[in-house]
Each structure stands twice: as structure tokens, then as C-alpha cells.
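What follows is a single chain, given as C-alpha cells, in the form predicted on its own.
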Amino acid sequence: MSTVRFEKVSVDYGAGPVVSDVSLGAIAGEWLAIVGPNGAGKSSLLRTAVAAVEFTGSVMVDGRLTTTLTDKERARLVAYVSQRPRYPQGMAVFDYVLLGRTPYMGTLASESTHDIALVWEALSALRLEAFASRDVATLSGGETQRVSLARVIAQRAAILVLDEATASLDVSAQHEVLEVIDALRSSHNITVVSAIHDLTAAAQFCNSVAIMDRGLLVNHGAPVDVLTESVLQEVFDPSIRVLEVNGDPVIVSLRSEEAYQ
């Protein structure tokens, strides 16, 4: 099924809720974008999907409560890229991507030929073959971001949870990675839930969009219904404009009139 469902989820780190009573879901094969200003609660909501933060309410993946799953069971269902991944010192790119296959290995088992093939496939998808023997710690921010995505692609979970997974990439690399994720979603019927700042990318790649603001879910629906000037101006800024280029939406923030005076 590869479905995700957040039901009345709240997160509170002790100084008041950062996520408040959010109910939201994504069906199999859907790409759900979660957008909103900084501090809206997007990352905290995503972290509940992998039980990385304490929360109230419930999160179900593939019809199972995340809190009832073992770490290995959860990792077979959900692959997660955090906003700031940690990279072990001295680990080669190939070995780091191979970590995505850990949920399928026994305690003392080594990687299989199938595991190795999936790692090379993931590296190839993101044009990282030449980096296979490089120490992850020596790569640039954009390169390490692609390596993190390669790891979750190799993981072959039914659900991808991505927290600003393309934030460190330049414009062309960002588009390339989004295309890879979209092709993987389509070919394997994978469900993608991603926090994303690029509203244009959300409009062009995602099936549905949820807008969060100050911990609350304020809008949810198809991109054409949610990513409108009137809706976005209420949450972001009155200068937001939704343009059309070759039939595709492009969302920009214009300088205010005062800036020209």
C-alpha cells in the first residue's frame, strides 16, 4: 500500500507546540509536498514518520503504527533524509550508500550481490559512480546531499520522507534530482512526502501540497488549488506572484514598491 497517515499529530519540545493537531495523508504513489515559512513545523512533522521525535497522536505507514515497529521494520518501510544528515568520518561514498541496505541484512550477514547492484544503480542514477571511493567528508555540500539521496534510493523503501533534500544543490542539479525522485516514484509506485522551500518545484513535481504555518495545517489540496497568489500571500508575503512559463507555474517573490523608492 505504501500509504502515510498523520492523525491529530502534535509535537512540543517544552516551550509550546511546534506542530498542533495535524491530520494529513498521502496515498500510494503520491508525492506530497509540505511547504511553509521557516519555523512552520514541517521538519518536526516529518520526523514523527520515523519516530525521531516524541509526539502525540498517531502516524501510520502502510497501515501500521510507526510506534509499534522495530527500527529495522520501520527502515524497510520508510527511508528518511534529514535536513542536516551526519556523515561518518573516513567512510567511502559506496559504503555510506550501502548503509541503505542494512535493514535487509542479518546481524552478522554481509552484503549480497543484489545489495551491491542496488548501490551501483543508485550511484548511477545520481551520477555519483566516480565518487564511489571518495571519503564522504571530503565532498561539497551539494555532493553530500546527492549521496544521502543515493542511500535512500538504495534502501528501496516504499515511502520516501525527504526534509529539504535538494536545499544544497544548484538549480540544475536540484531539477535533475527531482526528476530522479519522480521517475523512481512513478516506476516503483513509491510514496514521497517532502518538506520543500521551492514552491515552483512543489507546483511542478508534486501531486498534492500541504501548507503549514506556526505549527498548523492551513491548507491542503492539489497544487493548482493551493499554490495560488491569494493563498500564498496570506502565509508568505504579499509580493508573491504565480506566473506561467510554457504552461508551467513559476512562483516568485517580487520586490515591494517601496524598494524602488
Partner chain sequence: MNAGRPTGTRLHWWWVVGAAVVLVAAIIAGVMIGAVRLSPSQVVGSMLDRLPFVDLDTGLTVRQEAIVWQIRMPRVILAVVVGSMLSAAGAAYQGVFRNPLADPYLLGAGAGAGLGATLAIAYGPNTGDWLVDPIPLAAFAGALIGVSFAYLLGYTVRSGRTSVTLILAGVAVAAFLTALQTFIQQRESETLREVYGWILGSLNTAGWAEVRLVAPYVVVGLGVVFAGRRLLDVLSVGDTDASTLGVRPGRIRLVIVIFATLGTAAVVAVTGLIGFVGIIVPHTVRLLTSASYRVIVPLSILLGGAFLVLADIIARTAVAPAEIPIGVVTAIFGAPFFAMILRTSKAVVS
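Predicted, not measured: the structure shown is a model, and the values here were computed from it. Positions refer to the first chain, counted from 1.
Only in words, not in the display: the form predicted in complex with the partner chain, which the text now covers.
Of the candidate stretches 70 to 78, 164 to 172, 139 to 147, 179 to 187, only 70 to 78 contains residues with a heavy atom within 4.5 Å of the partner chain in the predicted bound form. Using a 4.5 Å heavy atom cutoff, none of Val19, Gly25 and Val61 lies near the partner chain in the predicted bound form. Within this chain, Leu216 is remote from the site of the partner chain in the predicted bound form, having no heavy atom within 4.5 Å. Of the heavy atoms in Leu98, some are within 4.5 Å of the partner chain in the predicted bound form. Although the partner is absent here, Ala201 is not a contact residue: none of its heavy atoms lies within 4.5 angstroms of the partner chain in the predicted bound form.
Remark: Ala52 counts among the residues lining the partner chain in the predicted bound form, judged by a heavy atom distance of 4.5 Å or less.
For the partner-free chain shown, Ala132, Ser133, Arg151 of 130 to 152 come within 4.5 angstroms of the partner chain in the predicted bound form, judged by any non-hydrogen atom.
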